[in-house]
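Consider the single chain below, provided in structure tokens and representing the form predicted on its own.
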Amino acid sequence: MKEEDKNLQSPFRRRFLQGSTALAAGSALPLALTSANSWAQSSGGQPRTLTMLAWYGHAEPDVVAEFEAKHNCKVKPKYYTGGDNMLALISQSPAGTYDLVLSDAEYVPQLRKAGYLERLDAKDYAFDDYFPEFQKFPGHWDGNDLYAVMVRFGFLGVAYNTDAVPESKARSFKVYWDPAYKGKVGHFDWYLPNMGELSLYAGHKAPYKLEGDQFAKLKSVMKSLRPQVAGFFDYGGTFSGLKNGQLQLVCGIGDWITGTLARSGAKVSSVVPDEGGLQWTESLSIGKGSRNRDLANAFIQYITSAQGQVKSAKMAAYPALIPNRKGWELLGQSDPAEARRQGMVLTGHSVMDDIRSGKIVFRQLPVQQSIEDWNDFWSEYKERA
């Protein structure tokens, strides 16, 4: 049994799959019929609606306004926080509810196996413009069949207040245990990035593939950190905590939050520590049973083009790195300061060097344990005073 299959045997996954059977059966509308319906809508001059399940920001005007004007449509989002929240939402929704599904890359195999995604045609997308590392990204393909296209990514490391914490200290996860920051260390409230980071600190080169003794060591390391922790924060709470000084260090995030705060003048930054960092990855798929497959496909082409990639890199909600090399070129021409700030430069050291050196590990779901095993410990850790 493949490791990803093991997670599908958990109670949550069983409920997830039970719902998917009916969904898949009810969503088998031929593409020709769905396209005909879609074009029939547009021929009357009424704007079409393109539904999207996504993290906050992906359907805001700075990203979608140009696409909406060109295609006479309105992108209607349903926002979530965290992959488990995304899975719960899609499993509770009728077929065709979401034309587009933006997911963290590690969840794509789960969505595909549950029958929630349409198969894509790789020839529709400009993969030749992507860096080679991202052309056939793990989990996006099932053999030669494509189910998701990578849109953006970023690194997770140590986020810190630059007035309170020297960068030299932030370059090790060890700083979380520094007595000077007792009660000033926060967690972004999602088990996956936090436990992955602290697994790296515990010395696990494959932070999500842990034998029993390694998992026990991770738990022990985390328990030793708990007295330092101020609390567990959602997206908004993490923003305000870093901005008002309640938090001087935050585990489980990166430039996707500190970069946004820095735009408004906050004295915060993030760094990939010496122990290594994690890569989060966001990808787009077409939801099973979409009645707007043509429009959904056009959106994926739009946001993965060089021009769309620049919008994604500079997204107002949170910035990100982009996998399209031509997008890097265009960003360097249109906003060289942002290209340098994010390390997307074609000469000198770039973020691709961090990936190629092995310093960055792709975030993934737990391999040896179930999602519930990790979630249960995260809940126990949070309750421990």
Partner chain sequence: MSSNTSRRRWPLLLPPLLWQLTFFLLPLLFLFVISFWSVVNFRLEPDMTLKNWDFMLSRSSFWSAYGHTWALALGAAVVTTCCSFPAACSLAFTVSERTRKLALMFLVVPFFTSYLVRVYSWQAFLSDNGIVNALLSLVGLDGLPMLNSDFGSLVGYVTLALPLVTLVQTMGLAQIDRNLIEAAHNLRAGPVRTLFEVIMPLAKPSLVVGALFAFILAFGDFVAPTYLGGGAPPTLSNLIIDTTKSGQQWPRAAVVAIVMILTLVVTSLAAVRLAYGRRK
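Numbering follows the first chain given and starts at 1. What you are looking at is a predicted structure, and each value in this text was computed from that prediction instead of being measured.
One more form of this protein, predicted in complex with its partner chain, exists but is not displayed; see below.
Among G203, P138, G245, P227, the residue placing a heavy atom within 4.5 Å of its partner chain in the model of the complex is G245. Though its partner chain is absent from this view, in the model of the complex it lies within 4.5 Å of a heavy atom of just one residue from T260, Q110, S312, T97, which is Q110. Look at 245-253, 143-151, 210-218, 275-283: in the model of the complex, residues with non-hydrogen atoms within 4.5 angstroms of its partner chain sit in 245-253. Taken together, the three residues A88, Y116 and G231 all come within 4.5 Å of its partner chain in the model of the complex, as judged by their closest heavy atom. At a distance threshold of 4.5 angstroms between non-hydrogen atoms, D178 is out of contact with its partner chain in the model of the complex. Its partner chain is not shown here, and in the model of the complex it never comes within 4.5 Å of any heavy atom of Q369. In the model of the complex, its partner chain sits beyond 4.5 Å of every heavy atom of E133. Taking non-hydrogen atoms only, D84 approaches its partner chain to within 4.5 angstroms in the model of the complex.
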